[in-house]
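Below, in structure tokens: the form predicted on its own, a single chain.
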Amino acid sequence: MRTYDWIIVGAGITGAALAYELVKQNFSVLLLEQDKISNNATCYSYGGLAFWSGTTPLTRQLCQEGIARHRILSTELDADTEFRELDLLLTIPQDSDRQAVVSNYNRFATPPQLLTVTEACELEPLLNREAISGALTIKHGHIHPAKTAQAYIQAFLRHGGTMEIGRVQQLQSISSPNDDLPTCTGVKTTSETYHSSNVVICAGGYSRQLLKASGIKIKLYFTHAEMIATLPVDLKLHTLVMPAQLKRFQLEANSTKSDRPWEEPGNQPAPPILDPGVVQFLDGSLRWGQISRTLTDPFAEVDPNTSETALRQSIGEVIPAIKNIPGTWHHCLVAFSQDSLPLIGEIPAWQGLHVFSGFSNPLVIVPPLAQKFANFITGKDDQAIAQFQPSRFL
């Protein structure tokens, strides 16, 4: 049986990008995906590229490197990622203090511009002017996330990579009598065992559960995210609409104050939140949401009817024309970390076992970080990879 240099577990945008960058370094790479038809967070993402949102020298650098990569990815991967720039509209509710909201954005590399209600409605005529006290706006990058992941996969295969469909059940490892650290030697799926020198977990919200099955604790968490997707519609949305006061990041902070609730399924460390936002893709289809729940069981069931009613009611308050458009409710897991930065690198107390996950806002920074990881493991020092090591939480 063939032994690979690297096995990548998960073929969402993180796994696909990393597999591509590793195979370009002439490693033999196996990319494993559990579903023939992808059903991961990449498929249900809004596709936004917040390249203006860096708050530290490092994140600002990554955002700029990321948008530069996205501008050339379609040419490099020989497939259309549908990259474009559009107006992001961050709505401010009627009962909010506009100046306080504005001040929260001053820490970003490029703070958005404040608009009056009239100016916001001129930019997005579908807005309900009675629901807002104003809005913020800025140019925002956008891609089709599923098409981008597929473009990475096809380029990976053209470079000699191998992809298989299989649900990983557990990691394979050995322990040497002369070494205290176990060494990961591959993975076992429902049908096959694959051998490798290195394994990278890029399974998003399922990463914690997968590692836990092998007795590995890691401070990587997940939300159950819910949204609605439609087929192409005649209605024309001019902007990407999001709330200026996003609740999701506070939810992530509140739910990770203690790791103990996450050690068992059946817990909910923080109450669910709803951030009403919507985007229209180039084919005219809409995607709106989202409800986020910190249910500690990755396989917890959520009532789609109750969820869809709440989603429609919420978006209907902001953009009434969308409320009753036929669409399909979807649910996926979104991974995040304790400090809103990804976990990248070798898992402590293991050899050959790595993680590349926990991207709260992944799309803009995944391409440069996949490049940096591939360079890092070939011996090139990189400050970003050094700062994102999982060992920072020990």
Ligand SMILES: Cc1cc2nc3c(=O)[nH]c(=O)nc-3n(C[C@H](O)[C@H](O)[C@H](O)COP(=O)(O)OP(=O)(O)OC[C@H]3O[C@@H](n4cnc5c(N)ncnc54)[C@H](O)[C@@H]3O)c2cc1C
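Sequential numbering from 1, following the sequence displayed. Keep in mind that what you see is a predicted model, and the values were worked out from it rather than measured.
Form predicted together with the named molecule: not shown, discussed below.
Participant: Between the options Val168, Ile315, Cys184, Val241, which residue brings a heavy atom to within 4.5 Å of the named molecule in the predicted bound form?
Facilitator: By the 4.5 Å criterion, the partner-contacting residue is Val168.
Participant: Leu220, Cys202, Val278, Ile132: which sits within 4.5 Å of the named molecule in the predicted bound form by any heavy atom?
Facilitator: For this set of options, the contacting one is Cys202.
Participant: Are any of the heavy atoms in Asn361 no more than 4.5 Å from a heavy atom of the named molecule in the predicted bound form?
Facilitator: So Asn361 counts as contacting the named molecule.
Participant: Can you tell me whether Leu18 touches the named molecule? I mean in the predicted bound form, with a 4.5 angstroms heavy atom cut-off.
Facilitator: Taking the distances in the predicted bound form, the answer for Leu18 is no, it never comes within 4.5 Å of the named molecule.
Participant: Just checking whether Leu22 would be counted as a contact of the named molecule in the predicted bound form - the rule being heavy atoms within 4.5 angstroms.
Facilitator: Because no heavy atom of Leu22 falls inside 4.5 Å of the named molecule in the predicted bound form, the answer is no.
Participant: Using a 4.5 angstroms cut-off on non-hydrogen atoms, would Val334 count as touching the named molecule in the predicted bound form?
Facilitator: Looking in the predicted bound form, residue contacts with the named molecule include Val334, since a heavy atom lies within 4.5 Å.
Participant: Counting any heavy atom within 4.5 Å as contact, can you tell me which stretch out of 321 to 329, 55 to 63, 337 to 345, 353 to 361 lines the named molecule in the predicted bound form?
Facilitator: Going by heavy atoms within 4.5 Å, the stretch is 353 to 361.
Participant: Can you name the residues of 196 to 227 that have a heavy atom within 4.5 Å of the named molecule in the predicted bound form?
Facilitator: Contacting residues: Cys202, Ala203, Gly204, Tyr206, Leu210, Ala225, Met227.
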